[in-house]
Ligand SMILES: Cc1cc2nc3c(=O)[nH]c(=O)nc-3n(C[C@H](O)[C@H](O)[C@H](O)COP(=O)(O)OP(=O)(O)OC[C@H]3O[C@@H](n4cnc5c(N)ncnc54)[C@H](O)[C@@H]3O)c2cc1C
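Presented below, as structure tokens, is a lone chain in the form predicted on its own.
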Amino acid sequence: MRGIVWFRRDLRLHDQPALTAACQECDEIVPLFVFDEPLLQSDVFGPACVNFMLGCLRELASSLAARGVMLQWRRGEPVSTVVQVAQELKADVVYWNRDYEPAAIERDRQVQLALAERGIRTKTFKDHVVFEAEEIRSATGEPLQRYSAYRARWWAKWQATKPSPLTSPAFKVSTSVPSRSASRSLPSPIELGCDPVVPWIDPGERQAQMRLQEFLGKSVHVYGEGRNRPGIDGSSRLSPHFRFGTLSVRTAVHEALAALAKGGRVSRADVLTWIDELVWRDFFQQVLSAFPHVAKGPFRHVAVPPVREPGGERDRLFQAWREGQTGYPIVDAGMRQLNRTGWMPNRVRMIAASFLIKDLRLDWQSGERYFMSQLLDADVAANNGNWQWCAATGTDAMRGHRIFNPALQSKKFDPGGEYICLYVPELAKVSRKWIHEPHLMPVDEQTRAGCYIGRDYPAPLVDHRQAREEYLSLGKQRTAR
């Protein structure tokens, strides 16, 4: 029997359900990756994300080649392309791991129907999450809309089932089928329509495994504090690997719990806090799967303050935010890091999002789209869930009054200004007394630092206190209607 394994966001060999099943059931397998031409042309994903994906694919192709199997690839519209390859290679069955984005669900449905019409079977598997939306429900069988309730049921399900990772599959001797794409090198970033950049986080399955072990051996034990400190390596930085599936979440949870089981100098609270972040990831995937309307609008319609009307002022503010020229150093450092590397620590993502929505009163969808176009770990579910959390339109119960003070956040989480100075170098010589609010510097301090506000570094776009009061006032007016 000949089977095609359609790789998508699962670019690894270890704990890969679709690949494992194909190796067990088929005499010949064909690994396939399809570059989604319409998606590439849409510019939804930026150079950082595309270059990271290519790096992951190069390692996957190398790992497969070492086992005598050639990765096939095509470019085109995925439905017609997968069907064409399956017919061309006279495949009996096509395997893949499920995706939960609305567009991906519809794509996969069309592929299944088209293949079935041609007598080709399909087999799909759970992989991108630990538990799918249907596996964790309320007592009445409804999807859960509160993280706290979801988390409790997630852990109960884990304890009851303990889903184990799969080992790397055993490849049979005769597994490779010639194809017109077998001997071709993967396309370059330029050929895919984007600039070549060196990913800030190393791509590939081996790097994911190394990063996981390094994190669990060190940073995870101060994770509760470290994840909020952008100036240190306090987070796992594994989200791009989860996004492209070079590391499975099942493996990550098992390895984290194994670190606890070893004993010694282990912080149980910090390890469990990190696992909670993985549970959040499953939760957002569940929300997207069960409530697909969130991909195009708010999870719930609430009385939030109106956004600025389209026009020159709105465009000026959005451009300044996007370019890291707001006059608030922690926001600007985050946006410049994002633009340069495709990465931003989660704490800074929340600060930057809050500033766009609450201080500038711009629509959260514009911020969501911009993040998607820049992030290494551009993931619809997580990005949408986090933006709606900040906008108070998501599943979170808080009704619009979570407003981050950028200066206070900066003083608390980057007290020495190391992160700010790294990405806003014009402030490098500013005294730490003024680094978080440089617009308050006296003129003699500006002279001493060689940084004049309004010339070398922008004055604040808005006054935070005034913007906060305006946002709350407009919110009360909207609620009173």
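Residue numbers run from 1 along the displayed sequence. Just so we're clear, the structure is a prediction, and the values are computed from it rather than from any experiment.
As for the form predicted in complex with the named molecule, it is not shown, yet the points below apply to it.
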Decide if the three candidate residues 330, 341 and 457 all line the named molecule in the model of the complex, where lining means a heavy atom within 4.5 Å.
no
Per contact check vs the named molecule in the model of the complex (non-hydrogen atom within 4.5 angstroms), the hit among 292-300, 269-277, 110-118, 133-141 is 269-277
Decide whether residue 150 counts as a contact residue for the named molecule in the model of the complex under a heavy atom distance cut-off of 4.5 Å.
no
Do residue 73 and the named molecule share at least one heavy atom pair within 4.5 Å in the model of the complex?
no
Exercise: residue 97 in contact with the named molecule in the model of the complex, heavy atom 4.5 Å
no
With a 4.5 Å heavy atom cut-off, would you call residue 172 a contact of the named molecule in the model of the complex?
no
Exactly one of 194, 79, 350, 186 comes within 4.5 Å of the named molecule in the model of the complex through a heavy atom, and that residue is 350
State the residue from 335, 259, 304, 378 whose non-hydrogen atoms include one within 4.5 Å of the named molecule in the model of the complex.
378
Taking the named molecule in the model of the complex, which residues of 300-338 have any heavy atom within 4.5 Å of it?
none
